[in-house]
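First, one chain by itself in structure tokens, the form predicted on its own.
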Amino acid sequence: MARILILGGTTEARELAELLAARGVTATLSLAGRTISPVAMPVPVRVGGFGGAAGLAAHLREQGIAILVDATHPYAAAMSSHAAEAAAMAGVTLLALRRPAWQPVAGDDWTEVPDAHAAIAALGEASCRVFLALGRQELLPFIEAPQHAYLIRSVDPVEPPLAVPNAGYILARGPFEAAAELALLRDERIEAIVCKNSGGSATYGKISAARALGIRVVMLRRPMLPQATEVATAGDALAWLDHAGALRGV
């Protein structure tokens, strides 16, 4: 049976770990360690970085890893690049588990931008109430636009708080239901949302709620990721691994 390392931090990574554990497969899940209290996982977990592509390649060799599954967040471009480089250096098979991006439908009011600085420009000069549904690493640029009132949702506390006059904070972990998102946006009188195109269903509720309420969405465009054999769901990944013979002997 092949030894499998999953680079995680996403719902799909956890789902794949659960599927592999149910099959009795020995797999390790690697987390970056940015979340203070990660969800419990059904397989051994490694926390922390590897020291770039070379460090990851050395880890793959030392641990006898045969298959590397890149199930990191669609915006973790650096880690995906390191995964592709490391797999090539170590002669390890790479599988990318990447959820498809959301696509706009009738009624959506989206402005796609490359980064947070462009998102600030898209919001404009006039003060408005903005829901920031971003990771903590993307929040700092918004101090450049202190005229807005911000509602910030994150899994862990934002420390230090954003240095703007008007900011509120919500600590919550998805999934977020559409009805609850609609109530939140309506009650907070949100006029614009800034978010990533994360894909999947766990955080799509705010998008459908924005459509229903006529709220504009400023969407950070997905980064370019390295080419790799790609699947969209944990079930697809399990089927691919099975077909590749990685689960043989289970």
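All residue numbers refer to positions in the sequence shown, first residue = 1. Only a predicted model underlies this, so the values are computations on that prediction, with no experimental measurement involved.
Keep in mind that the form predicted together with a small molecule is not shown, yet the notes after this line are about it.
**Q** Quick check: do His117, Ile190 and Lys206 each get a heavy atom within 4.5 Å of the small molecule in the model of the complex?
**A** The answer is no; none of His117, Ile190 and Lys206 reaches the small molecule.
**Q** Taking the small molecule in the model of the complex as the reference, which of Leu151, Ala96, Ala76, Val92 has a non-hydrogen atom within 4.5 Å?
**A** Residue within 4.5 Å of the partner: Ala76.
**Q** Looking at Val45, Ala183, Ala32, Ala58, which is the one with a non-hydrogen atom within 4.5 Å of the small molecule in the model of the complex?
**A** For this set of options, the contacting one is Ala32.
**Q** In the model of the complex, is there a heavy atom of the small molecule that lies within 4.5 Å of any heavy atom of Glu138, even though the partner is absent here?
**A** It does: once the small molecule is placed as it appears in the model of the complex, Glu138 has a heavy atom within 4.5 Å of it.
**Q** Hey, in the model of the complex, is Ala246 touching the small molecule, heavy atoms inside 4.5 Å?
**A** Because no heavy atom of Ala246 falls inside 4.5 Å of the small molecule in the model of the complex, the answer is no.
**Q** According to a 4.5 angstroms non-hydrogen atom cut-off, is Leu7 in contact with the small molecule in the model of the complex?
**A** Within the cut-off, so yes.
**Q** Since only the chain is shown here, I'm wondering whether Arg216 would be in contact with the small molecule in the model of the complex (any heavy atom pair within 4.5 Å).
**A** Arg216: no contact with the small molecule in the model of the complex.
**Q** Picking from 140-148, 68-76, 120-128, 170-178, which part of the chain touches the small molecule in the model of the complex when contact means heavy atoms within 4.5 Å?
**A** Selected stretch: 68-76.
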